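Next comes just one chain, in structure tokens: the form predicted on its own.
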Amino acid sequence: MSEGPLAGIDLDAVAATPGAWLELSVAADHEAVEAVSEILARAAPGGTSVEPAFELVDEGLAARVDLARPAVVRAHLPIIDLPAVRAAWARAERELGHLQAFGLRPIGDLAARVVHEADWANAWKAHFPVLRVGRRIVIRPTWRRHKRRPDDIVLALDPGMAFGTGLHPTTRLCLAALEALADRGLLAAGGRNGAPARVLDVGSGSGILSIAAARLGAREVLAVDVDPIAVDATTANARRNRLARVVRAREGSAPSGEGPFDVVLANLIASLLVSLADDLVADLRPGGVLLASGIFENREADVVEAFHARGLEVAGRWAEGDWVALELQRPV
């Protein structure tokens, strides 16, 4: 039997590297997952993992398995005893072939790749590239390099355990909205008497929006979050961007008790935006702007209605996929 994908892997060379593993993976219909897992478990006694396809529900806070798409079953073998590895591969391929021959449920081909223990510790970093949002904002993870353009506004970010990396559509939409406010002069000179704006960031997460607001011209940013990990992350990222004198983070929510603010940022979810509507508006000065994000498209009308009832009007809208961000203006 052909070694298939194994033919492209130099197992003899890899075996000389400590901590090398062979990952076997198969895409399978959900009803075939148990049978495929049993086959791979016989090849890799350490067990298997199953990664089901899913879709976000409950305003992005939960996930639901999508049974119309295949799951991926994975197993790992230490590359130490090469004859045993090759025998395990051949057995798994043979038994999967028998299972595929029945044609009961779709089952993909057996795939293989080499992974290293040293790579696993930092593998998550591969999912955080340098990201350009809008025309000028660039999010640079601290472990990556970026060749800056003259007009770039670079945010050096280490997300740590806090939400907010720029990869999620809700964050990108807020950044695009912030850039639009800056283009209209509402941050660098959008406060009272034409002074730079005071900004409140509710649910700051990593502090990415606070830092962006400061970079775009705000003179003072208060970042509040109910999670102390997020407060620490915001503080650390503000220092990393040399903005410790502009961005201040503490535990809390709206109302902050330190308003009113020229701009309020609320990258939350629709249900929280609705329940906090009174408090968010209380933190906003007359004529100020609220940027509300984290809104699933099917909840947009609820958010608009909640703030319209408090006198705010929609002045801008940004959308990406199923997500929406709104600019809401408070009358003078």
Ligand code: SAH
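Just count from 1 along the sequence shown to find any residue number. If you're wondering where the values come from, they're calculated on a predicted model, not measured in any experiment.
What comes next is about the form predicted in complex with the ligand, which does not appear here.
Original post:
Among 182-190, 86-94, 225-233, 69-77, which stretch sits within 4.5 Å of the ligand in the predicted complex, heavy atoms only?
Top reply: The contacting stretch is 225-233.
**OP:** Would you mind picking the one in 197, 200, 178, 208 that has a heavy atom within 4.5 Å of the ligand in the predicted complex?
**Re:** Checking each option against the ligand in the predicted complex, the one that comes within 4.5 Å is 208.
Original post:
Here the chain is shown alone; which of 43, 289, 303, 276 has a heavy atom within 4.5 Å of the ligand in the predicted complex?
Top reply: It is 276.
Subject >> the ligand contact in the predicted complex: residue 256, any heavy atom under 4.5 Å >> reply: Outside the cut-off, so no.
Original post:
Should residue 27 be classed as touching the ligand in the predicted complex when contacts are defined as heavy atoms within 4.5 Å?
Top reply: Flag for residue 27 set to no.
Original post:
Does residue 134 reach the ligand in the predicted complex if we count a contact as any heavy atom within 4.5 Å?
Top reply: No, residue 134 stays farther than 4.5 Å from the ligand in the predicted complex.
**OP:** Verify the contact flag for residue 108: yes if a non-hydrogen atom of it lies within 4.5 Å of a non-hydrogen atom of the ligand in the predicted complex, no if not.
**Re:** Residue 108 lies outside the contact set for the ligand.
Original post:
in the predicted complex, which residues of 254-273 put a heavy atom within 4.5 Å of the ligand?
Top reply: Sequence-ordered list: 267, 268, 272.
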